[in-house]
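The form predicted alone is given below as one chain in structure tokens.
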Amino acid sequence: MAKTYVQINEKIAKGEAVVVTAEEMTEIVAAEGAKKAAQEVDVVTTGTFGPMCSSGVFLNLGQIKPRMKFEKAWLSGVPAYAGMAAVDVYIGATELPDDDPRNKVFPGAFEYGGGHVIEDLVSGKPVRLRGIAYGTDCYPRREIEKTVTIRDVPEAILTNPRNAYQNYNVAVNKSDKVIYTYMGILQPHMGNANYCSAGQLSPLLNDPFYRTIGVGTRIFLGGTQGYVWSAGTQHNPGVARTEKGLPKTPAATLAVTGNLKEMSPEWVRGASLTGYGATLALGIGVPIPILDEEMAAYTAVRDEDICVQVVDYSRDYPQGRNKVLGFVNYRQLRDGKITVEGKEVPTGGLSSYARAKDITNLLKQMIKEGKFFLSEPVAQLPGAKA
């Protein structure tokens, strides 16, 4: 018998909901089957923690006396986009200070960027605000420089255009020199292979056709409750899939938002990628309602079920060539080695499975305590299964 969001939320309110993590659900379905699991389990919690470059924060800086309309703004030396309204700015996770040497001294360290500013704000640390303006009759002030904290700004809204990728690439380097990429440092002659996904814990791999994840879905975001506000940029659901419906290549993405003032630096961290740039490491968790047997089967996904393509980041990726060196699965990746073109290659993950697992457990506890309820999407993502 199918369940509804209302019925599940009523059970959460009464403290009667059966909530398990994605890792636990695989064992339940293996032991009891999807039909019985669907009858017993109400919610499965998923999670991921890793670098998510397409992230940033809208800040309303608050008006000052005399009033000012920002033309340009910097936060701790990092430029923020000010082309919206008088005191609204947006700072992106990958933005760099104007005086950062970047890759002029190669490989660049990228020690501080937008992601680090966001972490400093979340941590309550002081951030140096500098702004200039051309001045108007209603906004006469032309410059300002002062120290602010997140408590001083009226609003701080994390608004990310692309997070929580549904599957991704495994990156290798077939050249004869070390290369520095957004997938980390890659050693020559396929000396290592890097990946970035929580695999069987990852939200969109537990709902491969987006039946329960859509616009308006309530999520765990950076330590508090947030929402999906759209399909993310580069959302591409029409890719090749396995017999179980799992995408074999990068597919769906989520655009997410939440109140930065309520978030925790435990789950919002600035990060530096040597030779590439700055970014933001972020924790996201999505509760998946077990509406029926099909959803129970989807949330029983295992690492060994998920195919992922291996791509050469020294030639093929930068040149835009759609060449795949082979497919492996996340069980092999997490075991520490894969075989590519007959060569055994050690693996490393940019995302943290342990932190993702922590998110699934934390979200599970929040739901069981009645502190987190499910929200039914108000609109489906492109490519969603009805």
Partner chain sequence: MIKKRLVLRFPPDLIDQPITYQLVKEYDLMVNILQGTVTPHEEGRLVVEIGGERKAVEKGLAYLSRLGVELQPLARDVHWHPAKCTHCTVCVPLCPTRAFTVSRENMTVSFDKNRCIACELCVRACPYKAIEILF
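Residue numbers count along the first chain shown, from 1. For clarity, every value in this text was computed on a predicted model and none was experimentally measured.
There is another form of this protein, the form predicted together with the partner chain, and it is not shown here; the text below is about that form.
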Problem set entry | Distance check, K36 to the partner chain in the model of the complex, heavy atom within 4.5 Å | no
Problem set entry | Contact of S352 with the partner chain in the model of the complex (heavy atom, 4.5 Å) | yes
Exercise. Though only this chain appears here, would A171 touch the partner chain in the model of the complex if you measure heavy atom gaps against 4.5 Å?
Worked result: no
For this session: Please check if R141 has a heavy atom lying within 4.5 Å of any heavy atom of the partner chain in the model of the complex.
Result: no
Problem set entry | Candidate stretches 46-54, 28-36, 318-326, 62-70 - the one whose heavy atoms come within 4.5 Å of the partner chain in the model of the complex | 46-54
Exercise. From the list S230, T257, S314, Q187, which entry has a heavy atom within 4.5 Å of the partner chain in the model of the complex?
Worked result: Q187
Problem set entry | S272, Q225, T181, T249 - the one with a heavy atom within 4.5 Å of the partner chain in the model of the complex | S272
Seminar exercise, completed: Of the residues spanning 183-198, the ones with some heavy atom within 4.5 Å of the partner chain in the model of the complex are I185, Q187, N192, N194, Y195
